[in-house]
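This document starts with one chain, in the form predicted alone, laid out as structure tokens.
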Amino acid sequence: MTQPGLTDAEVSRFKTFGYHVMKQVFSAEERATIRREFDFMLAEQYGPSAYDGSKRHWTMMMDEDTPFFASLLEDPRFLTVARQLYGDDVVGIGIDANRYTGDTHWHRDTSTVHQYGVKFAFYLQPVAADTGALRVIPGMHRLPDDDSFREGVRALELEEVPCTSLPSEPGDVVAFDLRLWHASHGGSTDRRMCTVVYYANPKTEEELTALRNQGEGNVRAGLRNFEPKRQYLYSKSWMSNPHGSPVRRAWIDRLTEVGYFEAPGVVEA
């Protein structure tokens, strides 16, 4: 069995360009489990016939009713890579599932370059350049916060922006820095994508403030925008760390220390 993790050359390439495609991370059996848990939880959150293609559906996948998904934050195939890229003290943040429709405009997955980390994205169907594959602008995770760039890139048609497309097959995983500018074009009316997210452990006052504010931002981006039945990010069960994981305990302690959990809706009331 191949040991989890990236080679030194792959780490260097990621830090330079901001992304890496991991081929066939999941076995056929695991892919079947992913589909089963995905279908169960999206139906649980929105109703079995609720998706009509008019609005994205989104939900967290962190608890024991989706046990395979819930295991992924501590799965060495993800955690080892996250630690290679952002340090052994990287913090596991979340796992989610999405049903998308159409294009996704150019954006970063953070409101400031002082709050960063890695997102691992995987799809339940093949995606290509014009059928919803992730498009990235290589190296732009190194760009400081820049309103003029944001305005310029969004003034163009999505497909006019010079970029790299990252085609993907079921079983592949696309890793990218949260600060990297990315989008997708031509997605189907039901593009199924899941993500596993880690944040770099903040070291400076700017990074501490940014992470503290990110809890509220995640509530706004997820719960308020997409309105799943579940109106919190982290359940009481997840916070109780029922399996006594020292890794999860360290994450909970650090996020508590910086105030990430304090915003309403972050933790189940």
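Bear in mind the structure is a predicted one, so any value in this text is a computation, not a measurement. Residue positions are given as counts along the sequence shown, with the first one as 1.
There is another form of the same protein, the form predicted together with a small molecule; it is not shown, and what comes next is about it.
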Picking from His107, Arg77, Arg83, Arg142, the single residue whose non-hydrogen atoms come within 4.5 angstroms of the small molecule in the predicted bound form is His107
Quick one: of Val118, Leu134, Val91, Ala97, which gets a non-hydrogen atom within 4.5 angstroms of the small molecule in the predicted bound form?
Leu134
May I ask you to check whether Arg191 falls inside a 4.5 Å heavy atom distance of the small molecule in the predicted bound form?
yes
With the partner left out of view, is Ser184 within 4.5 angstroms of the small molecule in the predicted bound form by any non-hydrogen atom?
yes
Close approach of Tyr123 to the small molecule in the predicted bound form, 4.5 Å, heavy atom:
yes
At 4.5 Å between heavy atoms, only one of the stretches 69-77, 99-107, 162-170, 142-150 reaches the small molecule in the predicted bound form; which one is it?
99-107
